[in-house]
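This document starts with one chain, in the form predicted on its own, laid out as structure tokens.
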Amino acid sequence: MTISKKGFGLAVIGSQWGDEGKGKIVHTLAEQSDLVVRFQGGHNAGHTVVTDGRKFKLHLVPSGVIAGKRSLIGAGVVIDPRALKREIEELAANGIRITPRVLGIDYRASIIMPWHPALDEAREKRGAMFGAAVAAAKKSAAGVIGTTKRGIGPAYEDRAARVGLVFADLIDATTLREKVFALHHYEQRVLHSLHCGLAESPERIYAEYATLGREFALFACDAASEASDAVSGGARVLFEGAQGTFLDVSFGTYPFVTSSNTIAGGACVGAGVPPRAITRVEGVAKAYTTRVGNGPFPTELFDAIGRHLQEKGAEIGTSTGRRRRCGWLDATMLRRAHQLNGFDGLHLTKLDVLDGLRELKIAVAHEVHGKQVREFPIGVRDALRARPVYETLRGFANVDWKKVVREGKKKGFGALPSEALAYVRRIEALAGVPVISVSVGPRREDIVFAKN
């Protein structure tokens, strides 16, 4: 796929529960873009890019930096300055130098403070009261949501309550001091009510964050204006999402969701651009399904096939280090994701992980309360009880994927084995979206496009 040379806004969105391989896709598309904008989430996200024999793990920094493209952290992102500093240092150690020319941070992006992870962990330990109703369904241990405990949710809560710090506060020492001392007292009382506390004093927090603010001050920008001006000026802008559609705070498997809007509409709000700036939306989906943390997962596998997917797919969270739950592809999820995002095309990743399985299954519907439904259940209780209705296809084995990649440069999908191509075509038909690329290896180069 080639990005238009005219003003163009492309949003890349995960169509499952995150971890679909968006980082590799965004990095590939970034090479044809002028600007990359991350529009939501925090360092709970994890994008892995393997290129030129090197592996990069990104959490806050947009994937465009690997391609050397101007990249922006939008107002809809929550930033942990400590985590951002570590990430920039790790990238520098691997030969990627992050300068204010490459990276910009919107003045309005929210800041994660030390009390936010503390609140996150305290609530998880107490059973996450918002998950109590789900615990009654006997399907989730103690009703815990399984957050990354990095303070993402509490930071978004403070933003909604209009008491949180934003990036402009971090780089203004006077405002930073006032807010740190006022909020530290309040948050400490909240933590005490949860039978825990914050060991760091306000003086210590202020001193560290004032230093971080001075270090990051040169990165400050009006990302919203820059992105809007870029699109209207004829540039090619890539909007990078984090997590996936089914972790959207409004439309995901609530309450087992993240705290921001991960769908395409969230790109306008998080980046600060008008809807017409998004001229194309592309989804990313694994050839199977994975999930990190608790919550419903109708097609989850606990057998040898599940272990095959987990081990061959190296299914360990980039951000959390936790093993991902694995299962068959769920077409009802892809249809719902298409409905919410309006995909123009779908990137299918990790097709090679299915190599060696005699049969492949796709959930085409679910049985809920004795009735068969073709849509993914909306209510979490129904989703927890759903029994998938599968369609079975022939598998494939011992494929020379390097040869597929070589031949794919000329033949496109014609280089795929017949069984693998049949699987891709069936996904297209069930999802109602054309598959525009297939990833068949961990490297950025291991992508076969439908049209070349």
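Numbering starts at 1 and follows the sequence shown. Note that the structure is a prediction, hence the values are computed from the model and not measured.
The following text describes the form predicted together with a small molecule, which does not appear among the structures shown.
The small molecule: the contacting residue among V180, I362, I105, V353 in the predicted bound form [heavy atom, 4.5 Å]: Spelling it out, the residue with a heavy atom inside the cut-off is V353.
Contact flag, G46 vs the small molecule in the predicted bound form, heavy atom cut 4.5 Å: Yes.
Close approach of V440 to the small molecule in the predicted bound form, 4.5 Å, heavy atom: Residue-level check for V440: yes, a contact with the small molecule.
Contact label in the predicted bound form: V50 to the small molecule, heavy atom within 4.5 Å: The answer is yes: V50 has a heavy atom within 4.5 Å of the small molecule.
Partner contact for R236 in the predicted bound form: the small molecule, 4.5 angstroms, heavy atom: R236: no, not in contact with the small molecule in the predicted bound form.
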